[in-house]
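Below you will find one chain, with nothing else, as structure tokens; this is the form predicted alone, and questions on how it binds or moves follow later.
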């Protein structure tokens, strides 16, 4: 066993020990810790922004906003944890007359969680991102596998969390930060090793389909399978209908072009497919779209690997049978830059050729021209699971196409009525996760306070003396949380 593997095993071991400590913490204590992490990150100086800018080419205004979002995530998740929402405390009191037992249930952390940093959000979905915040909020220690595309940024964020751990006097194993691709001297990937380790109990991942599916398979081949919450690929289709297209073809084209190319198209909610029935309105849309795309200059992509995949996949889809390029930036790109492009194909060809349904991560889209409404419905029925699906239409359009609306309810985690899907708000009602293959478990979200739900499991106590119960279930309700007692919601009241 080499030193690299020894180090990994040690980090996992101390995480398992820290889990026993976190089980003894209350939701109020964990919330206080999370607020402190938010404050520590908020206080990080220009070095954080400048480092991320140098590593990812993301503009400083975007990074400034993402930093604020990250701070907000820690605080909003902390507030949700403190309210006891995710303990889901349930109490059914004993009844001596009927012989009914006293049974009480709450949620506790599932165990050490491995979190994989995402390439496109160096703050909000990486080392100190939502997965880490939600896992700690649930009472789980975290082992972060930092992303190679922004390792220095990842280290700064890791140091911020480590600082708070020391201030609180918590065990070092509450949080670990690991960089590198392989265990030294071997072909074993660090991410695979962490996922397979028997002391690891869950995985959080944001990235490609292939990466997420590989981790999912490893987790399910273990002697003790564990959940992998992987947010993966999505083409986020936009279905545009006649009434809206007729009224707003030119405006919709500008909105679509802006969303498609936002951040050089490097968002998991990028609207990569546009579907509409042929007609004068669609021709107006295409003309306006071509004009809008032509004016958008290529932008530097996150890293060389993402750029190379973008170019490869763009060429693959553009070279398919019965496909034509209908819009492209008028500015030539240099190496490392994503040049916006839109291709066109028929609905019948789109339905026959699954390659055209594959995600191209970057400023690229497929415009699908349908002959009639039946072809639009067929596309909706054939779609794989998506993070988002957008209905671009009027109320009249929706009423006339309820069949499509009902079908897409089974296909996505978030359905938009107009607007574009690239804005993902960090709120309770957000669902950022959809049916496979967009995610490995459509029941959960990776954005918003409900992300905490991924890393808890229920535990019941039957006929236990009050003094041994967790505070969430004690008679006097010391945490003042809402609980369901004998089927009724009871707030801040002892029983």
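Positions refer to the first chain, counted from 1. Being a predicted model, the structure only gives us computed values, none of them experimental.
Not on display, but discussed next: the form predicted together with a further copy of the same chain.
Chemist: Identify, from the list 370, 356, 249, 391, the residue with a heavy atom within 4.5 Å of a further copy of the same chain in the model of the complex.
Modeler: Flagged contact: 391.
Chemist: From the list 186, 334, 382, 399, which entry has a heavy atom within 4.5 Å of a further copy of the same chain in the model of the complex?
Modeler: Here the answer is residue option 399.
Chemist: Classify residue 284 as contacting or not contacting a further copy of the same chain in the model of the complex by the rule of any non-hydrogen atom within 4.5 angstroms, answering yes or no.
Modeler: No, residue 284 stays farther than 4.5 Å from a further copy of the same chain in the model of the complex.
Chemist: Does residue 65 reach a further copy of the same chain in the model of the complex, with heavy atoms at most 4.5 Å apart?
Modeler: Outside the cut-off, so no.
Chemist: Whether residue 104 contacts a further copy of the same chain in the model of the complex should be assessed with a 4.5 Å heavy atom distance threshold; does it?
Modeler: Within the cut-off, so yes.
Chemist: Would residue 395 sit within 4.5 Å of a further copy of the same chain in the model of the complex, counting heavy atoms only?
Modeler: Heavy-atom contact with a further copy of the same chain at 4.5 Å: present for residue 395.
Chemist: Name the stretch: of 167-175, 137-145, 89-97, 116-124, exactly one has residues whose heavy atoms fall within 4.5 Å of a further copy of the same chain in the model of the complex.
Modeler: Of the options, only 89-97 has residues within 4.5 Å of the partner.
Chemist: Answer yes or no: in the model of the complex, does a further copy of the same chain come within 4.5 Å of a heavy atom in every one of 179, 309 and 361?
Modeler: Contact check failed for every one of 179, 309 and 361.
Chemist: Given a 4.5 Å distance limit between heavy atoms, list every residue of 20-40 close to a further copy of the same chain in the model of the complex, or none if there are none.
Modeler: Contacting residues: 20, 23.
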